[in-house]
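Before any questions on binding or motion, here is one chain by itself as structure tokens, the form predicted on its own.
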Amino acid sequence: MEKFFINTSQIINNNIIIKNEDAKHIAKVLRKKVNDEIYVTDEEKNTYLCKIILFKDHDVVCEISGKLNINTESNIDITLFQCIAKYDKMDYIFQKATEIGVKQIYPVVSNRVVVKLDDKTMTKKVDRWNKIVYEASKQSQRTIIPNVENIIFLKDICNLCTNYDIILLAYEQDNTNLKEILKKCKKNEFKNIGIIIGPEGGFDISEVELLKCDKIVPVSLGKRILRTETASLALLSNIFYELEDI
């Protein structure tokens, strides 16, 4: 069943008013009809089973049939620090990272990022990525919508270290065993984890030195060199497999 997100202000008595692009999607793309049912989740993570009762102007009016005990979120909060990649790779990474369960995403500029963005382009890119994450959240039945933050520079991650139990830096020249690090995370019950993924050209040694602090741990993702879009999803999948309560 299709899922949509709303603000609590859209709940009026026992009805929910769905507006804008979501209303258009329900009416024009999904071609839903009166009495069809959908899931709706508000910003407080409450999920409702709703029945469509009216198409009014550009809105869709639903009646709440019941409140559901559904929470699709992980017990692990993961933030992805993803260096900006070329073409549509970022769209793919953000979509799949959302499906897997990431909670927050920072696009990052590092030395070997070849994409050049001015302030106007940055704003458009972040808006686009948030829309992709929103659609992926609906598709994957998330309880929350991960937030794509404003673009930062690699050095800025050091200022955010205190927000995390550990930050894993995927670095192909490191031989630290990921399995052992994840065992440590499990033993210490780390719940707030960051991961840093480089661009197509990877990190240079000066950047790895720049990121040296107690919370940031370089790790190897194996014997083979992975593309940036593969590395992010591989690391996310391993973390959730090892640490998430299923």
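Each residue number is its position in the shown sequence, starting from 1. All values derive from a computational prediction rather than experimental measurement.
Separately, the form predicted in complex with S-adenosyl-L-homocysteine (SAH) exists; it is not shown, and the next lines address it.
Of the candidates L182, I52, I193, L221, L221 is the one whose heavy atoms come within 4.5 Å of S-adenosyl-L-homocysteine (SAH) in the predicted bound form; the others do not. Shown without its partner, this chain lists Y106, Y171, Y164, W129 as candidates; in the predicted bound form, only Y171 has a non-hydrogen atom within 4.5 angstroms of S-adenosyl-L-homocysteine (SAH). Contact annotation: S-adenosyl-L-homocysteine (SAH) lies within 4.5 Å of heavy atoms from the stretch 200-208 in the predicted bound form, the single such stretch among 200-208, 36-44, 59-67, 23-31. Within 4.5 Å of any heavy atom of S-adenosyl-L-homocysteine (SAH) in the predicted bound form lies no heavy atom of L236. Interface membership of I12, defined by any non-hydrogen atom within 4.5 Å of S-adenosyl-L-homocysteine (SAH) in the predicted bound form, is ruled out. Contact between L226 and S-adenosyl-L-homocysteine (SAH) in the predicted bound form is found at the 4.5 Å heavy atom cutoff. Contact annotation: I18 falls outside 4.5 Å of S-adenosyl-L-homocysteine (SAH) in the predicted bound form, judged by heavy atom distances.
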